[in-house]
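Take a look at this single chain, the form predicted alone, given in structure tokens.
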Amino acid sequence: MNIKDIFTPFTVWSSVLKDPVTIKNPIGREAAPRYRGFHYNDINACIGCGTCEAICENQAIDLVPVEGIVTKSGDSGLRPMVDYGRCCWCALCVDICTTASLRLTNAYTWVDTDPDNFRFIPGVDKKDWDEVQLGWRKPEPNYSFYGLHRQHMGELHAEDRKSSFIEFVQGYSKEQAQQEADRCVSCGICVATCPAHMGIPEYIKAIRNDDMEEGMRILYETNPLPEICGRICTHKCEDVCSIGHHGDPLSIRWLKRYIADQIPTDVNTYQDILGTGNLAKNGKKIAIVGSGPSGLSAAHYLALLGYSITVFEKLPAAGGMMRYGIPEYRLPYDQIDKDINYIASLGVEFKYNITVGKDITLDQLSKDFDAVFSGTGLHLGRSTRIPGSDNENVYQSVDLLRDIVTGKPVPVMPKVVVIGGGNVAMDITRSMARLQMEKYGKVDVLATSLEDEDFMPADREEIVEAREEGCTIVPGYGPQEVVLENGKLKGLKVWKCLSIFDENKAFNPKFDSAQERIFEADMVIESIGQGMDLSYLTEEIKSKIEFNNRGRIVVDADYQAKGLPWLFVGGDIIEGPDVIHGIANGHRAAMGIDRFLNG
């Protein structure tokens, strides 16, 4: 180093008193077509997932609320604000954008004397370059930092599965699970949509790290039924997955199942991983009526808080409609037992074959326990009440599904017609197909619904798999009459459905009688919805609580029945039918009970 090297840095002080010079038009020529200049964002396509904010190493992007944009399912309501004091125009935010709403224009000159103006919300704060189409966009096609296509889930071929109640979805291997997990951008847009607000990005990260114990701990923070939910959850989280805007949504449900499947069935292993081996008791007792998802969820979280829990179940085993309404080929009983056995290991006592309201009254439970939670579910079928629906060969799907589980004789006729387009309708359709294969060696089951196929409430895969198994699905028709000849069932008369709801959005189907069809049948199964049995509520109790216009019990934010402080209510009789909703409100009711008993 010489003398010049030492003194040269100090020469800059010669400019300290000079006025700064602002050049209004520093260059004045158009940039290259793919130059990376200032941002523009299509705020209507943007969902505020935050991937741009997460990937920016300079912390130049913040998600902020925008007036007029509301938070809704699949949209956080936030939009990115860019700080050009930090931005380096690397375009990673554009490359990672899951909706391709964000781009860089090729505008690169912006003169302003106020530095605060260089922080703005693209697409909201109007700029001269908003209409500029040149610049840097995410290259198409198939340019992405993440895989666009989900890992295929293996399952038994239709010819192999339609004659068996063995579980046909085979689950992910370790390699498949990790490859699917690598597609996740950890935006978290799914978390808000999940009724239980599960830590989805965190448990997917655990799969990437091959840390199943950590994954299990994250699952149990908000969901004590991971084996069950990993198979039958309605997975609304996948409907809003940000990756689904340009590719296949992430297989969130199957990844949850993968974690649960890796944990041994031994309850001691569960307790070691979750740290629940020695739970202190607080001396207070809670009665739970019904062992469906809400009851089990409430029992789990109350047990963790030290309460002594007794579950009263009218059927021979726990699980509610999960066990007695969902076929074993979709939800094997041993997987139900795996979740329930762990809950029982926390000290939860189950009393089976006891009907509250008959074997013991709700009033008595209120005296014997400090609080009562009721989650009795929807176990009653609804009738169409069309002419002929009272014939002996017209059945309810919920009754038949329960008889299949309990081993009671189930009538199996050569020709079966199912009325309904929901998941329960598909369950009984596919179950009867299996029973027909066992008895006759062929399938002749037809399911019909008011809704067109695009609007059938059943999961799409249920409809596809039913057809693969030989069932016939005829959507868009409404039942008018069960056709009888000399008292013997011959078929179902239907008319083409023109609309389901009227201008006030009330259920009021309209039909075209000129488009009439007769579906031949020896047996008709109604599966148009389920009702609740509240016969265990005495008239005195009913007079103290409130009901809404749908006949549901009115509860507060803690799921406490208004007018009866000791009674908490959850599950399908409040919100459903949906397993994950039941798990979520059972959890919240547990917290509500704890607040009620401890101020």
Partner chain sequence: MINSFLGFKPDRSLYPKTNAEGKLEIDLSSHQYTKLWLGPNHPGVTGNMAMELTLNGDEIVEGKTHVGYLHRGFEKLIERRLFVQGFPTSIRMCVAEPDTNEYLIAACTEELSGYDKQVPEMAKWLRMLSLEMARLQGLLRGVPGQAGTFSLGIGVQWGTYLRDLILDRFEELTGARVYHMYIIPGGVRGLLPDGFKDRMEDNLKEIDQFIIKIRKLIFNNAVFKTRAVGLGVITPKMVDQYGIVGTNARAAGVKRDVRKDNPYLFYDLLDFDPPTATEGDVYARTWVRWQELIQTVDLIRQIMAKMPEKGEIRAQMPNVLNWRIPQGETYVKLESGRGEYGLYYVTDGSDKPRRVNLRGPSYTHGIALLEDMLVNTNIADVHALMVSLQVCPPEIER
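This structure is a prediction, so every number in the text was calculated from the model and none was measured. Positions refer to the first chain, counted from 1.
Keep in mind that the form predicted together with the partner chain is not shown, yet the notes after this line are about it.
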In the model of the complex, which of 231-239, 430-438, 398-406, 182-190 comes within 4.5 Å of the partner chain (heavy atoms)? 182-190
Just one of 158, 91, 360, 446 has a heavy atom within 4.5 angstroms of the partner chain in the model of the complex, so which one? 91
Could you work out which of 95, 328, 211, 266 is the residue within 4.5 angstroms of the partner chain in the model of the complex, going by heavy atoms? 95
Close approach of residue 139 to the partner chain in the model of the complex, 4.5 Å, heavy atom: yes
Taking the partner chain as it sits in the model of the complex, is residue 54 in contact with it (heavy atom to heavy atom, 4.5 Å or less)? yes
Given that the partner is absent here, does residue 251 sit within 4.5 Å of the partner chain in the model of the complex, heavy atoms only? no
4.5 angstroms heavy atom contact with the partner chain in the model of the complex for residue 457: no
